[in-house]
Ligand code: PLP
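First, one chain by itself: the form predicted on its own, in structure tokens.
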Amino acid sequence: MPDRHDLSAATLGLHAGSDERVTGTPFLAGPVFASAFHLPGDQEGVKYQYGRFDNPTWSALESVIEKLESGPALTFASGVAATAAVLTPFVQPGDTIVVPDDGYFATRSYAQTYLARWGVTVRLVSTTAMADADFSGVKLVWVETPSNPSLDVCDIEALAARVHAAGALLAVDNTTATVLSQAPLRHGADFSVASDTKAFNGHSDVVFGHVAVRDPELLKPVKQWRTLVGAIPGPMEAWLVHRGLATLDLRLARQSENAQAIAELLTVHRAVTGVRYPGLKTDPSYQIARRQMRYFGAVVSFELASAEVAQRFLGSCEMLFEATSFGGMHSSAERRARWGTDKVSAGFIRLSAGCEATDDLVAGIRRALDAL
């Protein structure tokens, strides 16, 4: 193999974890199911002591994520657990944090429900306003790019410079893009956080998350939080995510191709308004996205006339599963206003393009739209 530093992220995702080429061993070792490990005598320096502290299956995956993210990483039982592991240890009563008011609802809900109760001031700022926001006196800034579900994109490098000038830390929720599309740590972010339930795993069979950091010292309180709270991933889930990495680049390429074709259809269809996709040259996020992202991603957002029209579309399109997730191999969509958690219209739809043949997918969506 060539030097690992010369390999693309796509190849690293495929080959990492297969380094020990011993005759008769699998390419990717199976999950290690253990709550306890042999631990005679002094435990100093022993990595695997107890199942809540570490597990060889997590370690194998975390070593891959570290290579992809360009910073040490920890895995978690969910994306929300990973989020809490960044938001919680680095603030104390009297501190102020900034979170988007139009990003993933569970992030601001956690901050407003628990951090605010503990005396932390939670300031809500829209994703587009982050570029000009005042961060003086702020301890930590959280941004999601592209935002979910509106798909606004932030210039991470410019934002990191402003956040650091104010003496704050920057955390980037990279769920929608994944690290194979954009690497926040390389753009100056302190934390890269993702719900690997989505495109990173991509098979709709695992709930998972991870945190990667630019400064290894920042990982110590994150790991302490994971250990004390017990927000640990299962070994089978970690193994499944590791397995899914082998096809991540292939999936992102097909999903982005499909999403682009769908977005172009939506922009010209008479039943549709308000199309958002970073890959459209007319989209407000296009210029930043084309500089910052390798792939424009699987998610397309658009509006139909009403909740009733949107539901008719979802119910009649045989190519789409109606589900509240995104990034999977199967195309899916949902009417986001049904949850009451996002600032969107009643007919707003978040669509996640899967890996189906592009012609089939576009034709199926066109038929459902025409029927409206």
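Nothing here was measured: the structure is a model prediction, and the numbers come from that model. One-based numbering along the sequence shown.
Keep in mind that the form predicted together with the ligand is not shown, yet the notes after this line are about it.
- Comment: 201 to 209 is the region of 157 to 165, 133 to 141, 201 to 209, 256 to 264 lying near the ligand in the predicted bound form, near meaning a non-hydrogen atom within 4.5 Å.
- Within 4.5 Å of the ligand in the predicted bound form, a heavy atom is found for none of V179, D249 and Y295.
- D152 falls outside the set of residues with a heavy atom inside 4.5 Å of the ligand in the predicted bound form.
- In the predicted bound form, the ligand sits within 4.5 Å of a heavy atom of G79.
- Contact check for F326: a non-hydrogen atom falls within 4.5 Å of the ligand in the predicted bound form.
- None of the heavy atoms of F191 is located within 4.5 Å of the ligand in the predicted bound form.
- Contact annotation for 327 to 363: no residue has a non-hydrogen atom within 4.5 angstroms of the ligand in the predicted bound form.
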